[in-house]
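Given as structure tokens, the chain that follows is alone and in the form predicted alone.
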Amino acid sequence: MFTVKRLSSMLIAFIIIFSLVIGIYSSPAYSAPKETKIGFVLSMTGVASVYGETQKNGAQMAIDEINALAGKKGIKIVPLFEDDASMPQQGVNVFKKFIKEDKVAMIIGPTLSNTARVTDIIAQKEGVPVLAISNTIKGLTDIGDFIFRNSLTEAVVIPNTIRIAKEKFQIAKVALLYGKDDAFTKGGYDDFKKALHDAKIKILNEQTFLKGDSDFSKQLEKIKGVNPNAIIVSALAEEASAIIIQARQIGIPATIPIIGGNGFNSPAMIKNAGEAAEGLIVGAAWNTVSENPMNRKFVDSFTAKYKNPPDQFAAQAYAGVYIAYEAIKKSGTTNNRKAIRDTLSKIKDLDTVLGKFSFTKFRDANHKPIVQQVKGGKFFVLGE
């Protein structure tokens, strides 16, 4: 038999429970940040691993910064990193996986132009935006309107490099050495040859090598015999360091500068070449000593985290993530590939570690190139 006191206690308990239930269902739900998937195709092993490793570090740093600020209402990046092993076919496999299985919003990479010229065709056909962060060969964005890059082409960087080298060192005659079986090194050779012709610099001799070669003494002896003012080399980092070392070993003096393409833009290459790298001249899209406030913060943070300063490939990867994020954020969607593509094409004067960044109407990078020279084992700006 219920007493009045017991009924009163039960009524109070019921009211409390009812209030809690009503409170749960009437209070605003927790608003988790939206998520967007970005696939990263990088050469973390193979001949281009010296570039891919630092690209991953630069990209990851940008992702960590963006996700830390996303809060409850922002957009978080879900990165998917895959190694293409510096091989085009592996790059194709990764692109297909990202597009069909992982349903990524866009792809950043691959590291090598040789791979990009086949993988990007797949992305274009499927309508998936691609942002290249290190591909510099001519005509890459001609593949289609879903292909973008924040890496300055060799066609932009090389003429500026030759102009400044000619002014600084009174170069009138040169010899050329390049890899003839790689899209990047062959493209660099073509751009160097045109720039030299336009600058009215005489080409005394041309020599070639194949990917994986390690002995360049025969080519260098022939170059030494024509007595050039400078040696122009289009090579990836592994061959580049060996060429520099062997050039000095056979007696080509340091007074004859070696001028390299984008493949030389790596502190690891300088480290491997040692003292032989002194005086090396390289065109570039970025330099660690830039006083851009964003760049100073990036360089300091990267150096503290990875115990080594960033190179151009890390900087372009870092900037690439922020460029991609800007497009996704402004598109109003986290997975509509066409909308993201449309927004990417409208990016103009975005502040990045590369400086004010815009895309050209052909979706190529638009910002100022520089020329670097190695002094005391480090890159310094020679001119702009």
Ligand code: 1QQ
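Because the structure is a prediction, the values reported are computed rather than measured. Numbering starts at 1 and runs along the sequence shown.
Note that the form predicted together with (3S)-3-methyl-2-oxopentanoic acid isn't included here; everything after this is about it.
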item	value
Close approach of residue 313 to (3S)-3-methyl-2-oxopentanoic acid in the model of the complex, 4.5 Å, heavy atom	yes
Distance check, residue 119 to (3S)-3-methyl-2-oxopentanoic acid in the model of the complex, heavy atom within 4.5 Å	no
is_contact(residue 135, (3S)-3-methyl-2-oxopentanoic acid) in the model of the complex, heavy atom dist at most 4.5 Å	yes
Heavy atom of residue 262 within 4.5 Å of (3S)-3-methyl-2-oxopentanoic acid in the model of the complex	yes
Segment assignment from 221-229, 70-78, 136-144, 191-199: heavy atom within 4.5 Å of (3S)-3-methyl-2-oxopentanoic acid in the model of the complex	136-144
Option touching (3S)-3-methyl-2-oxopentanoic acid, based on a heavy atom within 4.5 Å in the model of the complex, out of 105, 247, 285, 236	236
Candidate from 241, 113, 86, 295 lying within 4.5 Å of (3S)-3-methyl-2-oxopentanoic acid in the model of the complex - any heavy atom	113
Sequence-ordered list of residues in 40-57 near (3S)-3-methyl-2-oxopentanoic acid in the model of the complex, where near means a heavy atom within 4.5 Å	51
